[in-house]
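Next up: the same protein chain in two forms, each one alone, written as structure tokens (structure 1, then structure 2).
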Structure 1
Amino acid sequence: MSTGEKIALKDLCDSIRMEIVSRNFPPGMKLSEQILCSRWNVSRTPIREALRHLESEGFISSSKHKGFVVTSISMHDVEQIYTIMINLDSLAARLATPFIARDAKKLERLRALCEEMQGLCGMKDIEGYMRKNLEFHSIIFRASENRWIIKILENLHSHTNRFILKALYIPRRMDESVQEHFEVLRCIEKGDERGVEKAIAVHFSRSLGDLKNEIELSAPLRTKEMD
């Protein structure tokens, strides 16, 4: 790969972030500058600039003379993040409702996603489900037209996606979750801003609750800290 034109800094940043979010670069992994250089065929300067960017986004941490390391994300972090998302995603959804309600394309896409999630849920395709789920919520918060919220939520959702574990399959929860998405969609279609706000808050609260239960149950497997 990459034997031709030069990669832009932003793309470099996105590439590395993707590796981290996909757990291809797992928590705790040392990010050697040299290896990254040869991986993307650039010198250390742009690599370090990209790493500084990701550092400020919280995906990696650095210590002097020891270099960069992928941060780990614990259940404790996930709880803290969900606590924020319960509030912010619902706020964003409320703001977004009037914009989406009169946007046939977005409504159609949201409905398609709901149905696709229902299908994937039946097929037990967690990975696919998570992708659709992320797109569903992204469409909503991006429609809030509040660039500050959008930036924050993009970051937070990326971080939760680092934790969410393909392995963790909870059939009951997934069915519930699908229904909650449909409920959100119904409220949006009605233009019921407060209804959407509430539905999203409930959705994230339940997701967090079930996540905590599940982790609790699988505690012998892995404890509080993931990696």
Structure 2
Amino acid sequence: MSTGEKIALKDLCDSIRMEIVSRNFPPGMKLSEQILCSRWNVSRTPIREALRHLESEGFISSSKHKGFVVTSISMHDVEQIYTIMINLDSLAARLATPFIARDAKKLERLRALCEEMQGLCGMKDIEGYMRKNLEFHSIIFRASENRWIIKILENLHSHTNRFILKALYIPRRMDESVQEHFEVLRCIEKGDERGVEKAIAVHFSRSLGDLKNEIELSAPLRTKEMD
């Protein structure tokens, strides 16, 4: 496989993954290879390679009878993912702090992202906020320079974006998230490794708590509507 084909395959994986993350391809949806080929103007071979790759990441599953189907995420999955992220993201942030604190460009970008998220919060642009949020955390965990942490968190953050939209619709959650990101930035600017570690853990713990409360509150409403 040539370098160009590798890049094309990665882009194809990224594009299909984003459709799943944004719920344009919702849980339970069957992915037709023919339709995907037509949409991205490629043959079945790269589509199948991309789908197999996304299956290994847990975004889709396959069977002889159903073909490829977008997987669903339960509250149990959410809790397990957040448990890992609370611990691993905070560790990555502690490791990354000395590097970022000495890197003016990274600090400037993190400040800009915080300000952009604040603006998007005011406009109630949740999808835009989600993208900036992902970039903010990605800059931090990538700066840890630990390739194993980076690989794991890249996958986990992609999965969390499948339900983070729901969390951000919770009243005041986006405003609180903005302040939590600014607190993480303040700790990084001071080179406070333990402070960053705590701020990241608090951020994800609060996000999980709010998400669980929202799901528990909305469950009886959904049941009542079905009766």
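As the structure is a computational prediction, the values presented were derived from the model and not from experiment. For clarity, a rigid core is taken as the largest C-alpha set superposing within 1.5 Å between two forms. Each residue is numbered by where it sits in the sequence of structure 1, with counting from 1.
Which of these two, 1 or 2, is the form predicted alone? Pick structure 2 here.
Displaced residue check between the two structures: Gly191, CA, 2 Å or over, core reference: No, because once the rigid core is superposed, the C-alpha of Gly191 moves less than 2 Å between the two structures.
Is there a C-alpha shift of 2 Å or more at Gln179 between the two structures once the rigid core is superposed? No; that C-alpha moves by less than 2 Å between the two structures.
Cα displacement of Ser15 between the two structures reaching 2 Å, rigid core superposed: Yes, because once the rigid core is superposed, the C-alpha of Ser15 moves 2 Å or more between the two structures.
His53: CA movement between the two structures [superposed on rigid core, Å]: Here His53 registers a C-alpha shift of 2.4 Å.
Enter the rigid core superposed C-alpha shift of Ile35 between the two structures, rounded to one decimal in Å. With the cores aligned, its C-alpha sits 4.3 Å away.
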